[in-house]
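In the block that follows, a single chain appears as structure tokens, in the form predicted on its own.
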């Protein structure tokens, strides 16, 4: 590469980056986190190599999201054509270092401590970025790269099924992969509440609860809104939050609404939540929804869904990503049961409850399946399978119970969806109904699931 071009780049690098930010209207968060820190590493024939202080995983995402436009800015400024690449400073240091890697990742597993298994598909690589979630994605990536140094606490809010859990679990996945020495704990507010109830029953003498929640580096709690209004839970959470924050630990929370709109949220908690970064996820645009739908179809190996059917789904499923996923389940079940091909006519018939003219939310067994499987960190296929392990049969019975409670479908119709006969559906629902009489934890779970299935219940 011409030495004059290299000198021009080095002498004007800050100006080039600032002009790039202005030309492509980059958000301040994205620019300061990922672009400002890029430096010229080296140049050779036809190739300019930049270096980033981020780790290799983050650099891959930067390249995917920003490299093409950055190359345009650099080439335009120098009036020359060449390729641009980015490497990680940390990756090159790691290759030359002989320091031994930690023996294992210290994420608290489901079997060991009662936390939630991560969905393997909920990674940054599989998160579709659009105008509706760009800031939340950028900030989450920054937190994953530098826990407790940028945006602490991080509070992500948005409607049901828009991707909050995906982003939160992506943070956990990334930290576990790139910083295996970090102790990461991801739980739902439901799990936190369960374990707190057990802790209070011992009159706070059992040290396990506080040891678990305070001797960690990163705490991620999903659906924090379900803690709000429960006085003893709020109190213990406040102390846990303070302890972690004061010791420089990262906290990530999600909710269906921002702190200022939580009417029963104590002022001291609202103040704590607002000390870091609050960002929202909105309903995606058509283009983003189409990309998400294509990704979901690819994940399920359902490449036989034609483009016109995909367009029909995206144009008519308006409220959430979760309903997009539910529509795929419903359509697949319909064509399997009727032994027919996937066509527009089949899609209209299968999804008529999703796209009713009044756009009222219709609760279907497929929607319940989708929400319960996500809640328990298992797949819809697991619930529909013949597996008889307790971690599958229990959620399966809960699906049966909720279908009986929240839909007008008969036991026979529910059985068709779940691949069971009507007597099995009645028995499963009866088992859960019986356990609800004495199991407070199950009552909390059912309440949370019903509010996820029909958020309007949370406003009553």
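Everything quoted here is computed from the prediction, not taken from an experiment. Residue numbers count along the first chain shown, from 1.
Although not depicted, the form predicted in complex with a small molecule is the subject of the following passage.
Trainee: Looking at the partner-bound form in the model of the complex, is residue 322 within 4.5 Å of the small molecule by any heavy atom?
Mentor: Within the cut-off, so yes.
Trainee: Is residue 166 part of the interface with the small molecule in the model of the complex - any heavy atom within 4.5 Å?
Mentor: Yes, residue 166 is a contact residue.
Trainee: Is there any non-hydrogen atom of residue 133 lying within 4.5 Å of the small molecule in the model of the complex?
Mentor: Yes - in the model of the complex, heavy atoms of residue 133 and the small molecule come within 4.5 Å of each other.
Trainee: I'd like to know if residue 183 sits close to the small molecule in the model of the complex, meaning any non-hydrogen atom pair within 4.5 angstroms.
Mentor: Heavy-atom contact with the small molecule at 4.5 Å: absent for residue 183.
Trainee: Only one of these stretches, 75-83, 236-244, 121-129, 339-347, has heavy atoms within 4.5 Å of the small molecule in the model of the complex; which one is it?
Mentor: That would be 121-129.
Trainee: Considering the small molecule in the model of the complex, which of 224, 383, 162, 175 comes within 4.5 Å of it through any heavy atom?
Mentor: Partner contact (heavy atom, 4.5 Å) among the options: 162.
Trainee: Have a look at 272, 296, 375, 310 for me and say which one sits with a heavy atom within 4.5 Å of the small molecule in the model of the complex.
Mentor: After the contact test, the surviving option is 296.
Trainee: Where do residue 277 and residue 64 end up in the model of the complex, Cα atoms closer or farther than shown, with a change of 3 Å or more?
Mentor: Their C-alpha distance grows by at least 3 Å in the model of the complex.
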